[in-house]
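This document opens with one chain alone, in structure tokens, the form predicted on its own.
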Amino acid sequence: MITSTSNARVKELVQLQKKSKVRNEQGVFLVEGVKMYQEIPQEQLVKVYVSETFADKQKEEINRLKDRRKLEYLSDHVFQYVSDTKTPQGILCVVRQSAYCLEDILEAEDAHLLVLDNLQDPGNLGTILRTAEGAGVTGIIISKESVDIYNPKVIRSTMGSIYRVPFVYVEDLKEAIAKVKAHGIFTYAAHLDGKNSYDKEDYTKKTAFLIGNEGNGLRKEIADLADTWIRIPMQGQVESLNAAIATSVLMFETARQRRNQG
């Protein structure tokens, strides 16, 4: 059992929690909690750390671990030190990052894509990923300026969808959108100046939604690349919705249309 916060592995865990550069250099990320542990694809599981209290109370959960060499015990004090949550459940895992490529995402049958431009809020990105799985999104394209998807706050918000929804960061979002269109995928910009209400369009064909930054919306040069601008009509004095909620409206309208297609 590791009992000191000066331990080299403990210091490494803290770095993995705090720094995207360290996560990317090692090709791993951290997840916390029983549910997130249970859903990890076995081939991606690198290491499991449990607190002494968790070890005492959750013996059945620990016994499910196929490879005990991947298990390490931490004192409660040390676990609290490395955890990113105020009330940790007592289990933290090092997980190998997924590797997706843009071409695979673009070639998905019945493509239902999201293109995220400079999204900054970890909770928004995590919620979008989780909702995307529920709505049948086939892939997410993310600009390099956006928040790191392996940020611990993003990971918690995904509730496990991080393992299952294909995504890719791109250096040049304009170039990526050009490739999206070249694959016959119709692009919609979610925009306050949208020509049509979102529910007047046909999303049964291959579709991609361009979603902008929480504060500023889509950059003009990105919005101008879309085939059509759409808007979500508002009542009262509300000008627009939270990025994650607006994206959810569009995703589930697409899912509804496709369900009813037959």
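Throughout, we count residues from 1 along the sequence that is shown. Fair warning: this is a prediction, and the values are worked out from it, not measured in the lab.
Keep in mind the form predicted in complex with another copy of the chain is missing from the figure; the text below concerns it.
| task | Would you mind picking out the stretch of 131-139, 91-99, 76-84, 181-189 that comes within 4.5 angstroms of another copy of the chain in the model of the complex, counting non-hydrogen atoms? | result | Result of the contact check: 131-139.
| Quick one: does Ser248 come within 4.5 Å of another copy of the chain in the model of the complex, counting heavy atoms only? | Flag for Ser248 set to yes.
| message | So, Lys70 and another copy of the chain: in the model of the complex, are they within 4.5 Å at any heavy atom pair? | response | It does not: once another copy of the chain is placed as it appears in the model of the complex, Lys70 has no heavy atom within 4.5 Å of it.
| request: Answer for Asp227 alone: is it within 4.5 Å of another copy of the chain in the model of the complex, judged on heavy atom distances? | output: Judged by the heavy-atom cut-off of 4.5 Å, Asp227 is well away from another copy of the chain in the model of the complex.
| query | Using heavy atoms and a 4.5 Å limit, would one call Arg164 a contact residue for another copy of the chain in the model of the complex? | reply | Residue-level check for Arg164: yes, a contact with another copy of the chain.
| field | Within 4.5 Å of another copy of the chain in the model of the complex: residues from 200-214 (heavy atom criterion) | value | Contacting residue: only Lys200.
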